[in-house]
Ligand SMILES: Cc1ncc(COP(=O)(O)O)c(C=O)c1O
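Just the one chain here, the form predicted alone, laid out as structure tokens.
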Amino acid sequence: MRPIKDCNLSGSKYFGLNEGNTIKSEALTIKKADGVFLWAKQGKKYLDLFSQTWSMPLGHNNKKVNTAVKKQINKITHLRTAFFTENKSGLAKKLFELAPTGLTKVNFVLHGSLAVEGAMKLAINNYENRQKILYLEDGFHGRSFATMGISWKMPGCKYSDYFSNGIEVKKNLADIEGKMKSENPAAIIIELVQGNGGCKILGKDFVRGIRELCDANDVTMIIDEVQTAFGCIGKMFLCENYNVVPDILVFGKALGGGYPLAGALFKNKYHLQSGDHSFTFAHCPISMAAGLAYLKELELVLKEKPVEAISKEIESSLLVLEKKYKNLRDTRCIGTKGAIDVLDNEGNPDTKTADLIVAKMLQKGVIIANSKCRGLGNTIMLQSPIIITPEQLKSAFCTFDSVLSKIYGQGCKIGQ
């Protein structure tokens, strides 16, 4: 066996790629995480203004979540899906209490792509000979073969032969209605905020229109809330703001409080046969304990610290930057999610500068992200943890302003 002389295995040399490809940086070795901060092996401190890809609304190492996990570790660490624990039953019961009316069943898995695949299977099982799934342009639902087929396409993608049943529709009701009639799909899947497609927020009338089309054409409506459920919007589910109840609601990311957990809530008429969507570690007892503790803690935090104040601060700070820098456009904010587009001097998407901004912010100790990998995105995105303080948020935007002033040659500060 060939010995590995280089003991630093944190980079892409051994792992095949730098998974931090939306932050355009060398991989960092993190030794500690607490609250809104990370500390690298070398001691440098980072403010996590992206909540580890929308996953940590309550910050890192939440004490209530970790206490529940420690208790569970001393009881049971693994059970196959055929068995129940008190936490698994308790989590399901809690989700039914919080879910929109009519969503009375749940399926658990460990990550969002599999949760979406489960939703696809549920929809397909509801019909005879209907396998196609409609998805919105700019939509993103995962990186498994099935979910890549219902997401925006990477240029030159070598996996396209696997994508035959995903049908893209435009963001207008006429196109959606036409393809519902011509393609006879089992379902349409949408994100209310298209995060990986550029943080594009769907309009309420549009989403309600899709609900009406689904009812009229007997098509399953799937809402993917992997990025929006459980905290960052200030509610458990963003679809509440739209007054829309989907047939299937997909969740993930935040629910585990830092531990892997995802799944789908769905109406009673939908079903999975035994073996359709069962995985060895899908109902990890540790994740179930974490999820239940997270939801209880989240309810308390949202009562004490409404998201609206953070949202207003993020939006107003982005608008200040947009006013100062002509290359920044189209500020949008929902909950703790904020985004702004980077354009060149001719008004075209400037992907290179967007990546540069993110990289410079990381060098300054603030983690944000670009909307797409491989130099394809021009949207700067952030999502603050709910527990961030006004001082921490102001400091982050001062850093943002400083980075922009050096890139664009303007010396100005937030508040001046």
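This is a predicted model, so every value here is computed, not measured. Throughout, we count residues from 1 along the sequence that is shown.
The next section is about a form of this same protein that is not shown, the form predicted together with this ligand.
Checklist entry - If contact means any heavy atom within 4.5 Å, which of 221-229, 68-76, 292-300, 163-171 contacts this ligand in the model of the complex? => result Among the candidates, contact is made by 221-229.
Item to check | Contact test, all of 116, 141 and 253, partner this ligand in the model of the complex, heavy atom 4.5 Å | outcome: Per the other structure, all of 116, 141 and 253 touch this ligand.
Checklist entry - Can residue 111 be called a contact residue for this ligand in the model of the complex at 4.5 Å between heavy atoms? => result Residue 111 belongs to the contact set for this ligand.
Checklist entry - Do residue 247 and this ligand share at least one heavy atom pair within 4.5 Å in the model of the complex? => result The answer is no: residue 247 has no heavy atom within 4.5 Å of this ligand.
Item to check | Residues within 4.5 Å of this ligand in the model of the complex, restricted to 181-206 and counted by heavy atom | outcome: The one in contact is 191.
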